[in-house]
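Only one chain is shown below, in structure tokens, and it's the form predicted on its own.
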């Protein structure tokens, strides 16, 4: 076993451990921070595998944007920051479903590949990936950006009950205060 294998196993253990903590903690903000650790460990795995572009996309998109959006939504909706009894549900159904899915995917993977050797394609370059994203995938890329922007605007509108209400009926507003 080489040093790279040990490093991959250690980072995988950190990712799995923090992933388990994400779904088992009763603190919503801590779950977001454990998610940062999990996604950061995955990005480090990509770096060890010499997929630098994928690692930085992981850091920028998932760690940078998704987790910030999650914490932003928690703050906007005034969700409880501490331990919440709403998050205390029995874990056996999730464990049963997760175990069944893991067994099914393992059986599917073993059946699909058995002991065959899969030829790897040529290594990708940033130029080839950029050509694909901004060439044939430009429309889905732009649609996704508009979808994320509309979700963010919708979250802001839903979190503000005073939007759309007449100015006179807003709390704290008087004729003298105008």
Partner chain sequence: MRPVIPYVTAALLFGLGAYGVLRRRNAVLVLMAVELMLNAVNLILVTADTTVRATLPHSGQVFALFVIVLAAAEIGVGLAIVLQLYRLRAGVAVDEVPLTEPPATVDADAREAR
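The term rigid core refers to the maximal set of C-alpha atoms that superpose within 1.5 Å between the two forms. Numbering follows the first chain given and starts at 1. No experiment lies behind these values; they were computed from the predicted model shown.
Absent from the display: the form predicted together with the partner chain. The rest refers to it.
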message: Check residue 64 for me: does it contact the partner chain in the predicted complex (non-hydrogen atoms, 4.5 angstroms)?
response: no
task: Pull the contact list for 123-151: residues with a heavy atom within 4.5 Å of the partner chain in the predicted complex, in sequence order.
output: 123, 124, 128, 129, 132, 133, 136, 137, 140, 141, 144, 147, 148, 151
Residue shift check between this form and the one not shown, rigid core fit, residue 105 Cα at least 2 Å: yes
- prompt: After a core superposition, would you say residue 11 shifts its C-alpha by at least 2 Å between this form and the one not shown?
  reply: no
Rigid core superposed: residue 157 CA moves 2 Å or more between this form and the one not shown: yes
query: Do residue 149 and residue 36 have their C-alpha atoms closer or farther apart in the predicted complex than here, with the shift being 3 angstroms or more?
result: farther
Cα-Cα shift for residue 56 and residue 123, closer or farther in the predicted complex, minimum 3 Å: closer
